[in-house]
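Let's start with one chain on its own, the form predicted on its own, as structure tokens.
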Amino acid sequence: MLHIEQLKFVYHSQSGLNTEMLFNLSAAPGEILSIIGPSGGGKSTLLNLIAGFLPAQSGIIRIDDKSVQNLGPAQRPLTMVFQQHNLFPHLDLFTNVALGINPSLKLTDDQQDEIHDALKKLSLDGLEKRKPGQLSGGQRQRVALARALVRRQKVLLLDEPFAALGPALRQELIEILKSLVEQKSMAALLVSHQPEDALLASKRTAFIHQGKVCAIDETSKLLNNTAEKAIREYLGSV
């Protein structure tokens, strides 16, 4: 379980105006909670606070009932996948994934088998020796997912990982992601600008606006919430 309670962050702009953000939400093992909302509303900020890349002024981040808000990023039992897959261009596919298990690349036979299994599940078997530049955009994003999954962490954070992909490929990767998150009992947060991604990925979706979680509901109900002005303005005619 991932639980966020009264997580406060103050953004100091160059103009001298401060923006206060305050987040409350939770995600269960095996669940992908989608997060949507307008640009600048705080979606990526929330993920960076959970990951420890930004310091929260106050509040609680609990993973499996353990408070982690005072731990450094490397000590938190989570992993993050970005829109830019952050692969090392000079390393082959297998090595890029292996770094998720052990940066020294000293792997046991079981760990090597685990990497091969992850690559097979993501339809990357047979491509182990290719460099990122020899892969398509969709394949590179699969490598990033494989690296995140072999880390065996409790929480998976995804910051618009499918934004650069076409609709068919996004749908395919989301279906794979849903299956793997459920199999590994991870709690996942998926930030997306595409309401269709939320419909495909999540039973529940959170809407973030002006630094706050304005609504959390079943995805179809939230996307048809005509009572909330901010949601109506964000979705428009979608």
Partner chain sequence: MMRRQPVSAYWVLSIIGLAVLTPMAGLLAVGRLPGFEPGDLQFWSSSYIRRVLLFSFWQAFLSTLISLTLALLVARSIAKRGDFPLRNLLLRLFGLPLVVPSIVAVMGIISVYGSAGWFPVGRSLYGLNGILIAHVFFNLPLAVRLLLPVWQAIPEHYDQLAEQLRFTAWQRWIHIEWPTLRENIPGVALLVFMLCLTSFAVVLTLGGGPRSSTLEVAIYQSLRFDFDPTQAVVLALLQLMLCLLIAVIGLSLQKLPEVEISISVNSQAGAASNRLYHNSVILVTAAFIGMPLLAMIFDALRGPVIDVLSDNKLWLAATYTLLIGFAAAFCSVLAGWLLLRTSSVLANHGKIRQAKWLELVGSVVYVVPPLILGTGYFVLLSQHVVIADWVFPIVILINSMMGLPFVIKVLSPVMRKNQMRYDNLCNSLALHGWNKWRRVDWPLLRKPLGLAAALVSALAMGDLGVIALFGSADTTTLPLMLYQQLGAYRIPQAAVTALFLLLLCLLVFWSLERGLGGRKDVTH
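Because the structure is a prediction, the values reported are computed rather than measured. Numbering follows the first chain given and starts at 1.
Unshown form predicted in complex with the partner chain; subsequent notes refer to it.
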Inset, instruction - Would you kindly say which of 107, 99, 165, 135 lies with a heavy atom within 4.5 Å of the partner chain in the predicted complex? - result: 99
Inset, instruction - Taking 4.5 Å between heavy atoms as the contact cutoff, choose which of 45, 171, 69, 194 touches the partner chain in the predicted complex. - result: 69
Inset, instruction - Check whether residue 94 has any heavy atom within 4.5 Å of a heavy atom of the partner chain in the predicted complex, and answer yes or no. - result: no
Legend entry - 4.5 Å heavy atom contact, residue 55 and the partner chain in the predicted complex: yes
Legend entry - Partner contact for residue 147 in the predicted complex: the partner chain, 4.5 angstroms, heavy atom: yes
Legend entry - in the predicted complex, residue 87 touching the partner chain (heavy atom, 4.5 Å): yes
Inset, instruction - Considering the partner chain in the predicted complex, find the one stretch among 34-42, 47-55, 205-213, 171-179 with heavy atoms no farther than 4.5 Å from it. - result: 47-55
